[in-house]
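Read the single chain below, which is given as structure tokens and is the form predicted alone.
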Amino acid sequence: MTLDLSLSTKQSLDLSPTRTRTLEVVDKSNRLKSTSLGGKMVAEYWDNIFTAKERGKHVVWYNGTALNPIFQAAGLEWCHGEAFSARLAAMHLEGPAQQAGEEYGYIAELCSYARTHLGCAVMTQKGITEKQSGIVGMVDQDQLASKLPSPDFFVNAYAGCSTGQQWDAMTYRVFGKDFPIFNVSLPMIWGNKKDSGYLRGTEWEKTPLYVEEQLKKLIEFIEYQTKKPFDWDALSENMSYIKRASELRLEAMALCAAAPTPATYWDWVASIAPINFLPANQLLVDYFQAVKDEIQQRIVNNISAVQNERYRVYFDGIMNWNKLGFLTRKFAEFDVAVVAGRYTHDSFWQEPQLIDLDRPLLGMAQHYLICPINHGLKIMEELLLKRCDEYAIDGIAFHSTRTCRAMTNPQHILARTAERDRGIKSFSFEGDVADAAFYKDESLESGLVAMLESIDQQRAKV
């Protein structure tokens, strides 16, 4: 059949016979087995959080930056808002929380991480007061979303997203302003000076020092709240585990430059929770050692992550957590190996050499500032081209994340940069991080097919 695509492409594409699919599509993806251990670790982590109050623990709610090594050293239990929202979405249990948030007045265009977590706050608060306000009257209190323990205090440290600060401020209000809140300011790394670049230049040298001082104040705040002295030795120990886990993760990612790739972006998505917020300990190191070992063994045995890999794609955008398994199979169906991505490869302790165990706060501050939505365009372009070269990328899938403007804003310019400087084709599709209603399968499939046809035409000319 012939498909007339959008006006922007102005071309007709023959989708048969190579693009025609049978009604029963064979799953051509081959996910890593070792990541299932990460799922078990995450489930145990949340089960532990749910009993925090019964065990007399202080609980901190936070969003954005990975402050958990500090919380762990202080003996706290920590609840990362985005992580819990992503977990609910991945389990398709986000509905009650989002409905609670909507009934409280938060519109659907608000970041779905924030909307889900605020809904959880509403449900948790209702559980505390046991008031029958009617606000969430349709919500079953036995739902997972209502199980979060109430916070003893909030900490906000959000880079590159204006929603983050307001998110915690609104959560603070939901709880009647009864719990203290501490804000860490993380400035944008603009990168527009002559000497600027990724991890270099005077802007880069000075800004982390400002953040490091705030982290010292945060620790003073925590000491005041807990009435306990902070354990600096524990923080250094925590960061030693983070550093080793990160090194193993990066070594394993580098192995995926092999063609066909032994693991894909979706395996790294499954490994985000362990590196981002689980306790720093030997189990964390062992997890990433197991992931690396499996990838190395796959290379030895010539086992690929996608059957009949024909295209290598980079994924730009935050993960659509409702669709993790679906998208894994979807791209593989078209012989596409999604090898790397901005969210997985340029986030989450991705520069372990910056971690100094004798001065851990500086390395933490540096990592918080290199959040992938906290750079100016010049640095984002540099990172994109670097990843495309490292993994021999053929095309880019831009996930136009509906409620995350910070991630989506530069994507059209990045697409032009990749085409101009490397001749790399791309397409965009609609979706969201934690709201399945925004995903449009037709948008993904038509865009993906068009991009693959362009790559084929490009290859035919060589």
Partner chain sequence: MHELESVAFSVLETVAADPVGYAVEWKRRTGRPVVGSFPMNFPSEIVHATGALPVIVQESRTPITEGRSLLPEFYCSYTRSVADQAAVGELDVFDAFVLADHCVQLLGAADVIRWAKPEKPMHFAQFISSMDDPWSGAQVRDKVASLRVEVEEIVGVTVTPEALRASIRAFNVNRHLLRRFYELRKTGRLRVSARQLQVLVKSSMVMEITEHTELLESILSGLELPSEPPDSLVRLHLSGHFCAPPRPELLDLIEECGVLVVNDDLYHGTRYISTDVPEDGDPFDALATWYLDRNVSAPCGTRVQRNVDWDSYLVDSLDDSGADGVITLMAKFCEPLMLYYPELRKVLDARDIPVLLIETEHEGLAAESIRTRVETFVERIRRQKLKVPTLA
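Positions refer to the first chain, counted from 1. Everything numeric here is computed off the predicted structure, so don't read it as measured data.
Just so you know, the form predicted together with its partner chain exists too; it's not on screen, but the next bit is about it.
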- Item | Heavy atom of each of Glu205, Leu324 and Arg329 within 4.5 Å of its partner chain in the predicted complex | no
- Query: Quick one: does Glu381 come within 4.5 Å of its partner chain in the predicted complex, counting heavy atoms only?
  - Reply: yes
- Can you check whether Asn409 is within 4.5 Å of its partner chain in the predicted complex, heavy atom basis? yes
- Item | 4.5 Å heavy atom contact, Leu377 and its partner chain in the predicted complex | yes
- Item | 4.5 angstroms heavy atom contact with its partner chain in the predicted complex for Arg405 | yes
- Query: Out of Tyr287, Phe182, Phe230, Phe277, which one falls within 4.5 Å of its partner chain in the predicted complex, going by heavy atoms?
  - Reply: Phe182
- As a check of understanding, the residue in Lys386, Arg200, Arg359, Lys193 with any heavy atom within 4.5 Å of its partner chain in the predicted complex should be identified as Lys193
- Task: Please name which of the stretches 359 to 367, 293 to 301, 214 to 222, 261 to 269 has residues with heavy atoms lying within 4.5 Å of its partner chain in the predicted complex.
- Result: 214 to 222
- Message: Where, within 164 to 190, is there a heavy atom within 4.5 Å of its partner chain in the predicted complex? Residue list please.
- Response: Gln165, Gln166, Trp167, Ala169, Met170, Tyr172, Arg173, Val174, Lys177, Ile181, Phe182, Asn183, Ser185, Leu186, Pro187, Met188, Trp190
